[in-house]
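Form predicted alone, single chain, as structure tokens, below.
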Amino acid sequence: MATALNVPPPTTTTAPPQMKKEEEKVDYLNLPCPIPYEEIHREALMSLKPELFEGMRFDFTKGLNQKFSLSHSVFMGPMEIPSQSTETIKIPTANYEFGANFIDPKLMLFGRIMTDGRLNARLKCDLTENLALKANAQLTNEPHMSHGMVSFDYKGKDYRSQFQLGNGALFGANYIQSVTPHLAFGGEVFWAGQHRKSGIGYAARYNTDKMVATGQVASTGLVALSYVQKVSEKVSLASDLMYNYMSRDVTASFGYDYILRQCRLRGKIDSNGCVAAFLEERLNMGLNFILSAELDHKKKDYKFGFGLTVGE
């Protein structure tokens, strides 16, 4: 009589593990909309180009209602004046700036006037869901220094375009198109009728959740490369290379952006021997303390500043 020991065990067949995941098919008809052409270096500029200043700065913003607010700014510090010598010449200055802001979902207005007579104004108006009007102007007492510009921005499904018109017979246009979910190409042209100059440029941007790489070249001689690595949600490292093949000037810089619980620290160092750091610390709700430092060892120019920002 057969026993259980003589019965061969049942054989079970299991599917072999899948060694490679099937690549997701890219739907080229539903690509993401890229960022504006003029902002392709946005992440690198946040780390490498903080708003450095020298002296003392105090900014106060008071909201009158949900849409309208007033701002007051006081600045005291040295101002550099042109000099033929290698040493930097500075004279002490002080300025007061009054501003008014109107912010609406479809309309934003910003105005600033300073004690030296300069008037700055900016406007952004959403004409439709895809078309926006932008304008900015600066009026000053100095001859031939006032300027203004108007631009029309169109946001498509997977592209953006812009047309610019400025004083001095300035015309410009740019276009950027997503070609994959992470890669976008763009180009620009401009004509400055007053100076009889024209130019054309090209740009590329590749971004993922962890990095952003951009490249730009123009007929004016500009070659700009930038790379940003997102180490974590709070830490980013950035580098860029600026080269002008007309003047043979080249500058490379490396920077960081560190966001802590109560403060944000940004800094950089470049190939010209310039070291800079910018600290923004939140002391309380609506109260921020600012420290700025820039050391140019090559020119022996050292700048330090501190400030307070009150209001949101």
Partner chain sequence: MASKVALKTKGKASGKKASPEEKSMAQNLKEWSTWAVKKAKVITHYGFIPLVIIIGMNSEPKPHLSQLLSPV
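Everything numeric in this text was worked out from a predicted model, so none of it was measured. Numbering follows the first chain given and starts at 1.
Here the subject shifts to the form predicted together with its partner chain, a form of this protein not shown in this document.
- None of 208-216, 174-182, 149-157, 114-122 except one has non-hydrogen atoms within 4.5 angstroms of its partner chain in the predicted complex; the exception is 114-122.
- With respect to its partner chain in the predicted complex, the three residues 232, 265 and 302 uniformly fall beyond 4.5 angstroms at the level of their nearest heavy atom.
- A heavy atom within 4.5 Å of its partner chain in the predicted complex is found for exactly one of 164, 140, 88, 161: 140.
- Checking 246, 250, 56, 64 for any heavy atom within 4.5 Å of its partner chain in the predicted complex turns up a single hit: 64.
- At least one heavy atom of residue 70 is located within 4.5 Å of its partner chain in the predicted complex.
- In the predicted complex, its partner chain sits within 4.5 Å of a heavy atom belonging to residue 102.
- Taking non-hydrogen atoms only, residue 109 approaches its partner chain to within 4.5 angstroms in the predicted complex.
- Contact check for residue 202: no non-hydrogen atom falls within 4.5 Å of its partner chain in the predicted complex.
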